[in-house]
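Just one chain follows, in the form predicted alone, and it is written as structure tokens.
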């Protein structure tokens, strides 16, 4: 049953903090997420040559899992979570992913029993719902995807996640044209429709198997905007447009929780602080420790409310300090230890605010995602929480208002950024408040302009 959010989980933004959520979740081997402490979540990828056969792939994951667990125990860390983001072979062949999950969970059980380390295992099947250049969200690929979830849950995965692609075909068109209504339609409407369908089914599998339906991320859309926007010298896309896309992604990611997700949310969902403010569910985040995968402009700030602290993903290979997964997991664990000591000594909010202020005025994206402003975006979303269109539009409007009210001496924006922001505001001001009108106009517009858009095949539900 889908239940839309129309109120906030926290009475005030200042109540939000790392390591604590309103609704913690539990893994099988003692790990609790959001129950008062932060845990490192290590993310990794096999070397390409390991994917040539099931046997080689399983062997790769056996080695890297053992490396992570051995380093955690060797250095004395009390808890750890692992995330296995599937390479396509593992989801297209569900037995491959299942065997990997079984091998990983067996190793983790051994370390838990011998050393007492608390453990969690997340598996994230890939969104394989594509047919060459077209999205194929419903059909045989969907059935294979659900079978992958069934088998990894059977094989020991505690947390079930995915990075869905609903709306991506319109986002790719709209983002290149600074088309703000297109962003609202792609992310806030089509993305939320797809999320509602898939997360109802994931939750059913999780309940049947005794697992946790964890969470999603708008990696395919909001992260695309963030990566196109790039750094402070790049001008492929205004950072003000990128953060508007990110704000719109919050109600889209929220739709997963409304359909049954329980957290922890996925690490690369930079919108997660907004989502946590509404749901109270635990979240994973990535930032400064994800430089092995990509750069961002808010690497400290996003630690502010995390319950799991992740590195995005690192290829398995040798480094001077050990294997890559050992080196990055150790860094993550030391960060988690620092956050947890801040909590234990009563300094959590002080550390949170230091992390935020170190990035808040670097860029419009960090400014809006700082917990105080993220909370405001959350309030705008729940104001019309029952309406997928209006709440997405509200998020975008709130984002623009937050940027326009910022102290220009602290948050310095170039003419390029300000012009893009002004154009976005004008576009939002011109948008209707009638969801039916917007949806019918949008489907006709993008059917005519985007050749790969197939609304009847992909969004008929």
Partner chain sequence: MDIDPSKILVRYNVAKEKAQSPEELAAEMFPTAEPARSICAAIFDGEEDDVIEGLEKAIEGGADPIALIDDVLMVGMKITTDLYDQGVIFLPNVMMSADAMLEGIEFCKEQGGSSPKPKGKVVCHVAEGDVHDIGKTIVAALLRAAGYEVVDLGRDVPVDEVIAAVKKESPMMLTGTALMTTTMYAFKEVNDRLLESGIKIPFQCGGGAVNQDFVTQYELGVYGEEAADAPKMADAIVAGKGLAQLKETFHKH
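Numbering follows the first chain given and starts at 1. Model, not experiment: these values are computed from the prediction.
One more form of this protein exists, namely the form predicted together with its partner chain; it is left out here, but the text below deals with it.
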property	result
Contact flag, residue 386 vs its partner chain in the predicted bound form, heavy atom cut 4.5 Å	no
In the predicted bound form, residue 358 touching its partner chain (heavy atom, 4.5 Å)	yes
Touches its partner chain in the predicted bound form: residue 114 (any heavy atom, 4.5 Å)	no
4.5 angstroms heavy atom contact with its partner chain in the predicted bound form for residue 331	no
Segment that reaches its partner chain in the predicted bound form - one of 396 to 404, 66 to 74, 22 to 30, 42 to 50, heavy atoms within 4.5 Å	42 to 50
Heavy atom of each of 430, 434 and 459 within 4.5 Å of its partner chain in the predicted bound form	no
Contact residue in the predicted bound form, from 238, 339, 183, 254 (heavy atom within 4.5 Å of its partner chain)	238
Selected contact from 150, 110, 319, 88, since only one has a non-hydrogen atom within 4.5 angstroms of its partner chain in the predicted bound form	88
Its partner chain in the predicted bound form - contacting residues of 392 to 426, heavy atom within 4.5 Å	410, 412, 413, 414, 415, 416, 417
